[in-house]
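Single chain ahead, by itself, as structure tokens, in the form predicted on its own.
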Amino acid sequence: MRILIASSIDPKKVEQLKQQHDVICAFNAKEDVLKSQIKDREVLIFRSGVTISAAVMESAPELKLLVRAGSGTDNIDLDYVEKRGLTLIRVPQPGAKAVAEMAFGMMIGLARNIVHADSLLRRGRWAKSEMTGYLLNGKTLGIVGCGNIGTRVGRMGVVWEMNAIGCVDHLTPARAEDQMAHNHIRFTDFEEVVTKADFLSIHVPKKPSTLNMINKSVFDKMKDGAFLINLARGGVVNEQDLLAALKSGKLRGAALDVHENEGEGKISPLADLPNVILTPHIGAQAVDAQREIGERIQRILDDYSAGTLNPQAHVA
């Protein structure tokens, strides 16, 4: 099998696949490189950080299978995939565990000023009397985009005795009843989630309808002193509006793993604020999660090679 791996996945799995198949690695390559490397490939494996355009896929006449080693599809031309009849399989669950845990870790970090306290102590400042902390217990956790990842965040919040509320597009009574019965997350509308949340966690996909959806008008409606966490995609939160809300004291703090401008040398406009946690899009980077993704990719490829691939069987 001729495979192009366009993003870094579990290194041990890459080596194993190289022993089994004809594998080319072009991690996070530009379009011209991808077009060159994909020409005779029949399988493409990729994550975020690389753009899989129609032009790239058109350069591979033998391409049949695409494996997204994660959940988001904002970096691939889905219209072209459908038009050409390519098989696209996502592997969302392992990364979802890692992202959800990181979201919860960020909430704790913000509530207890962990990063700022650590920074001061490393410079010799014993700032114990200056550090104000808050409990998660008893607070309202608002989840915008209560899908696979958001639901996991909500369940973790419930265990910590938070009041979890969430919203999704196209909410049905059956889905709301199911979430309450199985996960103890109360589904409501976007407006209520935003206005009642002490911690607002964002988990929506990046698409035209979600760009800049968390903006000044949303911040104005939020509780004074609320916290914002974004592990969705850069561009969903308007960073200039967030900066203003933080500087004014409207929000108490924010944590972002995704950013409007990502990559080496890019500096966030929020970088100078001590009440902000910034990480470089590492939500799904847990070793355990990447190892599990690698194993699932192996099973997908084995089924494809054997002619028994059922895309639906690999989603859960």
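These numbers were taken from a predicted model, which means no experiment stands behind them. Counting begins at 1, following the sequence as shown.
This next part talks about the form predicted in complex with a small molecule, which is not shown.
With the partner left out of view, is His281 within 4.5 angstroms of the small molecule in the predicted complex by any non-hydrogen atom?
Because a heavy atom of His281 falls inside 4.5 Å of the small molecule in the predicted complex, the answer is yes.
In the predicted complex, is there a heavy atom of the small molecule that lies within 4.5 Å of any heavy atom of Ser48, even though the partner is absent here?
Ser48 belongs to the contact set for the small molecule.
Quick one: is Arg252 in contact with the small molecule in the predicted complex, heavy atoms, 4.5 Å cut-off?
Contact check for Arg252: no, nothing within 4.5 Å of the small molecule in the predicted complex.
Closest heavy atom of Arg152 to the small molecule in the predicted complex, within 4.5 Å or not?
No, Arg152 is distant from the partner.
Would you mind picking the one in Ser71, Thr210, Asn230, Asn238 that has a heavy atom within 4.5 Å of the small molecule in the predicted complex?
Spelling it out, the residue with a heavy atom inside the cut-off is Ser71.
So if I measure heavy atom distances to the small molecule in the predicted complex, which of the stretches 185-193, 212-220, 242-250, 71-79 falls within 4.5 Å?
In the other structure, the partner sits against 71-79.
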